[in-house]
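Shown next as structure tokens: one chain only, the form predicted on its own.
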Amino acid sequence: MQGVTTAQPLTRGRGSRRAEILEAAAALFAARGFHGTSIEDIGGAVGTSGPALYRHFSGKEALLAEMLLDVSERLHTSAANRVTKAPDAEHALDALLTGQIEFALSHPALITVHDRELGNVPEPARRQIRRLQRLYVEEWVTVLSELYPGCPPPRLRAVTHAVFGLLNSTPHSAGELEPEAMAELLRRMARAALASVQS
């Protein structure tokens, strides 16, 4: 780990029609569910017909798979970059927290879709998503193992997943506070949870 951490963007270029469709679909899947959303609904949300979407995706399952695979790839890549550029483990953890909090506050619909709809992603995309998620968790575990060298890896993985649950509560918890205040609250709670791993 070396240098200065810089943020890795977790959103695609807004000029991309494909990205626009994915973003609209995420909002609809979060609000109505995968099975409650039709191709026509998604097309209408981006100002086109449902059948026109088949120029971009072969169907709803392919759209959902790309949505969750894409965000899993970007989260893992962002985390790896942040850790590599951090001067030490403490800064790496702070950078990981920043990245996950930024994601949780900016993309609550994706969190909801992942929690509810991953089972609707066809194989082998679902296996790829799970693999990327495991790699993302291991970025955290590697950093935490430097900060808490006496703590066994299974305990570090458990606390990492628990912190993800806390940070990814934003579809339910982030409505009343300003984003900056919510980010600070999430950071403090996550830090307290991570520190408890030594108890």
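Start at 1 and count along the sequence shown; that's the residue number. Given the structure is predicted, the values throughout are model-derived calculations rather than measurements.
Below, we refer to the form predicted in complex with another copy of the chain, which is not included among the displayed structures.
- Candidate site formed by Leu69, Thr77 and Leu97: none of these residues places a non-hydrogen atom within 4.5 angstroms of another copy of the chain in the predicted bound form.
- Screening Ala27, Ala45, Leu166, Leu135 for any heavy atom within 4.5 Å of another copy of the chain in the predicted bound form leaves a single hit, Leu166.
- Of the listed positions (Gly36, Pro51, Pro149, Gly59), a single one reaches within 4.5 angstroms of another copy of the chain by any non-hydrogen atom in the predicted bound form, namely Gly36.
- Within this chain, Leu63 is remote from the site of another copy of the chain in the predicted bound form, having no heavy atom within 4.5 Å.
- Looking at Asp115, you'd find a heavy atom of it within 4.5 angstroms of another copy of the chain in the predicted bound form.
- Although the partner is absent from this view, Ile21 stays clear of another copy of the chain in the predicted bound form, with no non-hydrogen atom inside 4.5 angstroms.
- Remark: Arg17 does not count among the residues lining another copy of the chain in the predicted bound form, judged by a heavy atom distance of 4.5 Å or less.
- Taking another copy of the chain as it sits in the predicted bound form, the stretch 133 to 171 comes within 4.5 angstroms of it through a non-hydrogen atom at Pro154, Arg155, Arg157, Ala158, Val159, His161, Ala162, Val163, Gly165, Leu166, Ser169.
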